[in-house]
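Below you'll find only one chain, the form predicted alone, shown as structure tokens.
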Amino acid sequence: MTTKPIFVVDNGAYMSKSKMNTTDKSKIIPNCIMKSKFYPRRTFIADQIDNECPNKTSLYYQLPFQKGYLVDWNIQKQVWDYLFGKIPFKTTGLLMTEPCMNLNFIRETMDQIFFEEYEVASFARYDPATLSAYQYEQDMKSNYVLVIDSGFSFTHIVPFYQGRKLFDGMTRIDVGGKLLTNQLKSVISYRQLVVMNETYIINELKENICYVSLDFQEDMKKARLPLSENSNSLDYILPDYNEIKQGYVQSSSTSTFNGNIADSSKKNLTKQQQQIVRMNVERFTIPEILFRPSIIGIDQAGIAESIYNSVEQLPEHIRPSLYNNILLTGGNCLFPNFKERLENELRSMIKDDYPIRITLPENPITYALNAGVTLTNSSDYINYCVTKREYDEHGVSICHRKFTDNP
């Protein structure tokens, strides 16, 4: 059977991941438009900022998503127009993700835009957790899966049984990558260097050097030691986009002298010109917010405790199966030690005879995207999408009926 071309888009609040179901090549672009003070008359859409803007300091972001919901359709349509390019949608279908717990009027607007403006041949709309659960069940041959989706705006905990959400156990934590980056900007600006306008640079710093602590109190003790004994402290060189195009960790060898006075003075001059941020406790206290939101005043449980509370809301006989099938997705899961810390905390909470198996995909950012590709290539995909003909006959009501039935 010949596979019909379907364009799959995981439309995240920060990054848009896309792929044609007939190819292996995926595309990841920022889901926003940006302006730079160095190019005031130019608007950069999506990855134009990487390819056409040499200086990324003080970027002004215009995001279509606010607090996890799509609210600015004008910005979003600019990104979609750029992303779709010349895709012949009259003969090509589209699978698009939506946020968990999305609002009905946003869903209906999305359905109308794709069928009436883009005139797609077919359309399907599911949240990333549902697609991830579908892929996991295909790979692991399991009826149960507990999806932890920790992304830009929120962290969602969604239990599934045979592809169906168990709504009693669904939980949302108001902590995501955006909050962590903003908190890091605030801390650095208060202690060292004003970087409140440098979202792009500080987000890059966060992704490069932050990690989840396996023993928070022990790491705090190490952070109080003198620099010569402190393994946590390091200097991060911020990019200036003239000589330094990307931030990096300064190695200890750069401060050593090789006996050449001219070279040494050159190094000192270079060091004076560099903007250096010393990272110490910030490296692990920022990701700690995922596990203890209360440290910055958010009155919610952390990820491990929320998982426990979520599973405890469900019948006792299925709890061991959920703990044994935990799937991590989303960019925050890439912090070093994230999986290990989660496993340690869960082990201390649940019964000793309950098994724990946590799966961290090779790339948790594109896991839902690849799951969508798997779904579109399945023989029964026609049951999960709405064709243009069906939409013309029944309107948005058929979208509501089909897309609330999960794969």
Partner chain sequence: MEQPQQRLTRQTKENLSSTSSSSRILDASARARRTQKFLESLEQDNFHDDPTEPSSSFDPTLTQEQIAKSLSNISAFGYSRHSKGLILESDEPTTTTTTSNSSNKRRKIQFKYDVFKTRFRKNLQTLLDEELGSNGEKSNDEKNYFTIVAKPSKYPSIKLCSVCGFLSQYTCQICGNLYCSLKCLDIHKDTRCLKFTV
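All figures in this text were calculated on a predicted structure; none of them were measured in a lab. Residue numbers count along the first chain shown, from 1.
Below, we turn to the form predicted together with its partner chain, even though it does not appear here.
Note on the interface: of 65 to 73, 373 to 381, 355 to 363, 23 to 31, the segment with non-hydrogen atoms within 4.5 angstroms of its partner chain in the model of the complex is 65 to 73. Each of Pro40, Arg172 and Ser189 is positioned with at least one heavy atom within 4.5 Å of its partner chain in the model of the complex. Its partner chain is not shown here, and in the model of the complex it never comes within 4.5 Å of any heavy atom of Glu98. Although the partner is absent here, Lys339 is not a contact residue: none of its heavy atoms lies within 4.5 angstroms of its partner chain in the model of the complex. Interface membership of Cys333, defined by any non-hydrogen atom within 4.5 Å of its partner chain in the model of the complex, is ruled out. Although the partner is absent here, Leu314 is not a contact residue: none of its heavy atoms lies within 4.5 angstroms of its partner chain in the model of the complex. A heavy atom within 4.5 Å of its partner chain in the model of the complex is found for exactly one of Asn182, Thr91, Ser231, Ser251: Asn182.
Checking Asn208, Asn143, Gln112, Gln246 against its partner chain in the model of the complex, a heavy atom within 4.5 Å turns up for just one residue: Gln112.
Residues from 329 to 364 that approach its partner chain in the model of the complex with a non-hydrogen atom within 4.5 Å are limited to Met349.
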